[in-house]
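Below you'll find only one chain, the form predicted on its own, shown as structure tokens.
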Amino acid sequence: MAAKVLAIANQKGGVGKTTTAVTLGSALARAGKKVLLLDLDPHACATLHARIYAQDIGHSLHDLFLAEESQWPELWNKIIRANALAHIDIAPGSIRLAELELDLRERKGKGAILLRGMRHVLPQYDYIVLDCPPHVGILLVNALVAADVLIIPIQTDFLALHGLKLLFDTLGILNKALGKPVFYRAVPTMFDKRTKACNRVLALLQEKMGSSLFSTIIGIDTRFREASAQGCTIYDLDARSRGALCYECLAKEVMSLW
């Protein structure tokens, strides 16, 4: 059975996108699933989180986008780092991903390169998690085309709602091009129940998004920042912490989608 592809995206930065990609991937792995994380963000935050540094990377996802299709099977073996972080395999990103707009300007079918390329690794995994860049471009289009579900982390802050509007505008354009709607679910992040603003935004999200919003709410937990600094996941620090338990609940919801 081929892997389900989860694209983690929001066009506003700082909403917990990479934290969601890494921690959700780890929660799925803890549930016994085989997980591959693709770092499609030129900032390569997920790659750095796993303590994989630019000088140590021989091949990255940038190479996959430029390679001939016949090279993909062998190239995946060179790109993927097995068990790089908490039993998750990682395909590292690179700052050179930012060059793809120019690199692929003459390439036909450039919006579906990732979809075609992943066919070589889909049978090896249960879930493939895509940590997407925060801006619209060829990388985000590739991720949305390849995804079975788009997971949108939304910080429970009024400014974060603007990024959500931008993403929905992009989805509207892409839906017309694909001829079918992109399946998505949103997850509230960085929720602080002590503040009125967070509670107002959460209530607004629940009212406007209904069943398109996961039931799980990701609360604030300082251990996320500690885990990032130490190059591990929150489960390595405290598997019973609030944040860890939240992502376990989210993983269960994700697994129940199919």
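From a predicted model like this one, the values you see are computed outputs, not experimental measurements. Numbering starts at 1 and follows the sequence shown.
Separately, the form predicted together with a small molecule exists; it is not shown, and the next lines address it.
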Looking at 54-62, 29-37, 224-232, 200-208, which one sits within 4.5 Å of the small molecule in the predicted bound form if you count heavy atoms only? 224-232
Would you check, heavy atoms only and a 4.5 Å threshold, whether residue 219 touches the small molecule in the predicted bound form? yes
Considering only heavy atoms, tell me if residue 190 and the small molecule come within 4.5 Å of each other in the predicted bound form. yes
Please tell me whether any heavy atom belonging to residue 24 falls inside 4.5 Å of a heavy atom of the small molecule, as the geometry stands in the predicted bound form. no
Is there any non-hydrogen atom of residue 111 lying within 4.5 Å of the small molecule in the predicted bound form? no
